[in-house]
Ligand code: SAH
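The chain below stands alone and is given as structure tokens, in the form predicted alone.
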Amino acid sequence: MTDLSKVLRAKLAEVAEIRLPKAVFDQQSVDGTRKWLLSLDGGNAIETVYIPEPNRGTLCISSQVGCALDCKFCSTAQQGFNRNLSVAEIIGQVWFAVQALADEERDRPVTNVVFMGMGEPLLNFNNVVAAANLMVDDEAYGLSKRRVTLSTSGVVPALYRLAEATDISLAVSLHAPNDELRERIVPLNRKFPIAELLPACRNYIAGKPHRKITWEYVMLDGVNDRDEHAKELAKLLEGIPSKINLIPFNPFPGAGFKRSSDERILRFARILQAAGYTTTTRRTRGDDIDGACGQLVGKVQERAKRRLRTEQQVQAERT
């Protein structure tokens, strides 16, 4: 950049570097979903997923390496927590995807970005907000604030901070209509129960006409998918502008849960719709490429462990 002074360029050469993300794996589903495993320093890796649809392209990005929240239905949670991603590592996923998809001559392929990959975004607050600001900046990616969505399990103090820092869209991983059930599958609820979570969510959209909270609700067979759960959920969310997104559970080894049947999910949705809620069921995408968040990382880690065990066995036999 010759429009910068020589002194500044020399200083930047000393203290900064430009290092682009690299894909360890690049998998594409028969349905068009594309999943990358991107390498990081220290042998870590994160997942980024592109989901094409007729009128938009959604990029699901990670905010942490692993996750500390231990949600029982989540593959990433079973791997534990390593570290937060930097702003560069977060926005780098967007840069990487845009460049990779541009090679396929797609016209503006990424229209939506969702913080729904690995990690709890609000536990990496400063870096996530800074990266989100770049996504909506006209001089960067120019995305609408309605098209950048942060998904959280409900870190209540950070939700109040978020309302002061940005007005991107908010999705909340609720997954249960009462504390007793939610504590079983979302342990964070023990620290921030529903009675504290809901006021923080109301506060986030206060004074923002036409904005809604998206409530994510994973459908677990025989756990949280009964008619009474749907009715309780409808009552719980009364008065909050809401959209409810039902998510068929994506199984992974050792999960201990099963996906609710299509019939059960449909009945659950109809109860909510009859109560006046906009309710959608997320289409299952990328089943053939380890579609659940964390599955690809888990497989790579397991392969690495098997390779290490084999190398150790060979070394032992030689000695």
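One rule holds for the numbers: they count along the sequence shown, beginning at 1. Because the structure is a prediction, the values reported are computed rather than measured.
Not pictured, yet referred to below: the form predicted in complex with the ligand.
Asks: From the list Phe81, Phe192, Phe96, Phe73, which entry has a heavy atom within 4.5 Å of the ligand in the model of the complex?
Replies: Among Phe81, Phe192, Phe96, Phe73, a heavy atom within 4.5 Å of the ligand in the model of the complex occurs only for Phe73.
Asks: Give me the residue from Pro187, Pro241, Pro248, Pro157 that has a heavy atom within 4.5 Å of the ligand in the model of the complex.
Replies: When the ligand is considered in the model of the complex, the option within 4.5 Å is Pro248.
Asks: Residue-level question: is Ser151 within 4.5 Å of the ligand in the model of the complex, judged on heavy atoms?
Replies: The answer is yes: Ser151 has a heavy atom within 4.5 Å of the ligand.
Asks: Within a 4.5 Å heavy atom cut-off, is Phe252 in contact with the ligand in the model of the complex?
Replies: Close contact exists here: in the model of the complex, Phe252 approaches the ligand to within 4.5 Å, heavy atoms only.
Asks: Though only this chain appears here, would Asn224 touch the ligand in the model of the complex if you measure heavy atom gaps against 4.5 Å?
Replies: So Asn224 does not count as contacting the ligand.
Asks: State yes or no: in the model of the complex, is some non-hydrogen atom of Glu216 no more than 4.5 angstroms from a non-hydrogen atom of the ligand?
Replies: Glu216: contacts the ligand in the model of the complex.
Asks: Thinking of the ligand in the model of the complex, which stretch from 115-123, 199-207, 130-138, 228-236 has heavy atoms inside 4.5 Å of it?
Replies: Result for this chain: 115-123.
Asks: If we check the ligand in the model of the complex, which of the residues in 160-179 reach within 4.5 angstroms of it by a non-hydrogen atom?
Replies: Residues within 4.5 Å: Ser173, His175.
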